[in-house]
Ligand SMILES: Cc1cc2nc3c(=O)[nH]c(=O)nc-3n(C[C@H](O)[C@H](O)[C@H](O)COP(=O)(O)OP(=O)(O)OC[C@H]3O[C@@H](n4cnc5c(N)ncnc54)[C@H](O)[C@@H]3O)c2cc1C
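Just the one chain here, laid out as structure tokens, in the form predicted on its own.
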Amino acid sequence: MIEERMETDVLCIGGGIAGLMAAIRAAEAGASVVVAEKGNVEYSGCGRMGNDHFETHIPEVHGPDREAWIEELLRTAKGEILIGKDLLRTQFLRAYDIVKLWDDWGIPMKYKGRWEFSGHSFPGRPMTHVKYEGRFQKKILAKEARKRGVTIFNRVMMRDLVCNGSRVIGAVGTHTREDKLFVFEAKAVVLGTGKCSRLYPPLTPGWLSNDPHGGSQSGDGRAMAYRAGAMLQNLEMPQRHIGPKYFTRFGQATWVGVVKDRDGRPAGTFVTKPDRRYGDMICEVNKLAPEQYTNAGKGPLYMDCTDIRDEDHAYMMHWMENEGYTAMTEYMAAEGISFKKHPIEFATYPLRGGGLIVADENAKTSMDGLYAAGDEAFGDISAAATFGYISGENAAAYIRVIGKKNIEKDNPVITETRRLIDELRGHENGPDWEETSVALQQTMSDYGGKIRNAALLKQGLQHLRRIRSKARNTLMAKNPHETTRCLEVLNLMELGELTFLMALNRKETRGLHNRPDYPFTDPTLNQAQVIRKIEDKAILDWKPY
């Protein structure tokens, strides 16, 4: 396998919204910057197909009381992301500036010449999400990065961080299409590799990539951060979402309709007729509603847009295009399905892995030289853009006061990565990545899913450790693409094991962490559970947000 080495000031791992914004800002500050993206930066990450809403406080719209606006936001979309208010204050001191930057770069942040707020808000309450036309946002951000001299490596998956003591000095990875190993020496590294979506089975188990985040959201940044010694938090706190059944898509606030039961009765109490300003907040307040209705024998639930006015239908379709719904809307049109004639069945989507890399208001992690942004550390597209920019800014400041550390040729992390890849490619027989993914997802669903107790969690941990060991020794990859998928599964298995450990240690019921053996929420645990690797052992602790 050919080895290629490169030196840079700042290495951005992941070319999503956060990674590109970090690269842009670091390059503006005078740093040499490399982006390593395992897909293609123009079509990667959660923002790959577009987006139509961006959280931001605009003083001329909302008034000067940012704290009250943040409290309102916590009642809606931001409430399920467990981070401290100091981070929210940092985000919304800068988010409006990012909105104006994006607008200048050619991502239309206004609708018909004005700020347009709708969706994700309660009727009569302050609006929190500005509508914007984000269909081509990734192409525009990639163009802005290249204009500033950023070097982009598409189809390069980073496997592990390389450290000098507690300082990160680079990373090693592999090409997803060629037999090539990459070693990047860097003074600072920014992690922005996205969510951990493939830990549990998808809504359609036979179609592994039928996931709102796409098929590549495998928690790679969290796994490599943990192996390097960085602190993670709340992996035991999963998330769920709501949207069209079978054709899984996010963007429930884009729909202008009312969620109704089989007899046409509204499931929630927020709206009784379509209102394009708000949508139906039952989707925000209770993402479990479709599942609960089905379990109670009252389901299914439908998003009913049949009463919508023509102008509101055109409005909804405009934003669906920008939200990345075109595949679904074109399919429905081909099948003769009309939003104005047919209610669309909604479903509660399966669990997805929770948790974040611990990072402060400067986007700095617990390790020197390592920053994190986006869904790795803060969640949602507004935070990805804002903290991506902040991480690039602070990484560039850090490199001005730190000396360079070379990565030795026989560095043990590089040696181990090469050996792992050689072994994956060298097996002539054995399970492939898809079979192993199914085994992992079934284990997580059966033992660490919707209902948890000590016995289930201990059994699941034991079972996962067994299949993880077997996978490490027998997984087979026939080509570089399959090698990438195998590395993703190994990352997911590591995060699954940590999820079991943290779920066992959280002896309470909170959110979607449901433990009938500890049925009550413990107020003393209103803090982050953290985990880090010290001398090859997982060390658990608690810390305030």
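Because the structure is predicted, anything quoted here is derived from the model rather than measured. Numbering starts at 1 and runs along the sequence shown.
Omitted from view is the form predicted together with the named molecule, to which the following refers.
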With a 4.5 Å heavy atom cut-off, would you call D380 a contact of the named molecule in the model of the complex?
-> yes
Do C46 and the named molecule come within 4.5 Å of each other in the model of the complex, heavy atoms counted?
-> yes
Indicate whether A18 is a 4.5 Å heavy atom neighbour of the named molecule in the model of the complex.
-> yes
Would L199 sit within 4.5 Å of the named molecule in the model of the complex, counting heavy atoms only?
-> no
Which listed residue (A171, V256, A373, A225) meets the criterion of a heavy atom within 4.5 Å of the named molecule in the model of the complex?
-> A373
Among V189, A384, I390, L232, which has any heavy atom within 4.5 Å of the named molecule in the model of the complex?
-> A384
Which one of these stretches, 64-72, 46-54, 516-524, 502-510, sits within 4.5 Å of the named molecule in the model of the complex when only heavy atoms are counted?
-> 46-54
Scan 124-161 and note down the residues that get a heavy atom within 4.5 Å of the named molecule in the model of the complex; none is a fine answer too.
-> V156, M157, M158
